[in-house]
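Next up: a single chain in structure tokens, the form predicted alone.
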């Protein structure tokens, strides 16, 4: 018998800060996986140019560029990939468009020049700071802090797992589906409070890269699922 299952359309993803290396890498991988992607930036022209470059690289991809506010308005899922210094300013700009949506916060509280030293904000983490600003009407999930931007921008498979924290299990599952769509494994890592640990790992990995001359160290979760019997 023919398959009569109705397939749900893929969500539209807006990547605020998508002209940066990390955001651009995610945009490429989701566009290649068949998602509609909007690259957001404070400079709409810069966003449009970044989208055009990806269109030339990935034939048939559904990607465009716009300013941050327009990008957030027209998306189902918003991904924040701006530097820590710009996190709150960017969120305040789009705050009115986020109610009832899923926000993936990729922000890491790196504070130059000591980016290899863990320096967490008073709220505990960047994600908790975002939740305090936006309130409970926005589902916030923290992820991707421990994946190298260089790897995301490459063409090779990424040998790295992604820790996903958030207060809503269903929201975490949506993010894990997005992670799997680009060929990586995502793991439920508990509530948003645990983002304190996952964000701090970025500085640890930076130190490992420096001391051992590694190119984008990541993390891997080991172990086998326990059998029910």
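Residue numbers count along the first chain shown, from 1. Remember, it's a predicted structure, so these values are computed and weren't measured experimentally.
In what follows, reference is made to the form predicted in complex with a small molecule, a form of this protein that is not presented.
Q: Can you pick the one in 107, 125, 71, 131 that has a heavy atom within 4.5 Å of the small molecule in the model of the complex?
A: Of the candidates 107, 125, 71, 131, 107 is the one lying within 4.5 Å of the small molecule in the model of the complex.
Q: Just checking whether residue 119 would be counted as a contact of the small molecule in the model of the complex - the rule being heavy atoms within 4.5 angstroms.
A: It does not: once the small molecule is placed as it appears in the model of the complex, residue 119 has no heavy atom within 4.5 Å of it.
Q: Is residue 21 close enough to the small molecule in the model of the complex to count, meaning some heavy atom within 4.5 Å?
A: Judged by the heavy-atom cut-off of 4.5 Å, residue 21 is in contact with the small molecule in the model of the complex.
Q: Considering only heavy atoms, tell me if residue 97 and the small molecule come within 4.5 Å of each other in the model of the complex.
A: Output for residue 97 is no: heavy atoms all beyond 4.5 Å of the small molecule.
Q: Could you confirm whether residue 141 comes within 4.5 Å of the small molecule in the model of the complex, counting heavy atoms only?
A: Outside the cut-off, so no.
Q: Choose from 188-196, 170-178, 51-59, 37-45 the stretch whose residues reach within 4.5 Å of the small molecule in the model of the complex, heavy atoms counted.
A: Only one stretch qualifies here: 37-45.
Q: Decide if the three candidate residues 158, 203 and 207 all line the small molecule in the model of the complex, where lining means a heavy atom within 4.5 Å.
A: No, none of 158, 203 and 207 comes within 4.5 Å of the small molecule in the model of the complex.
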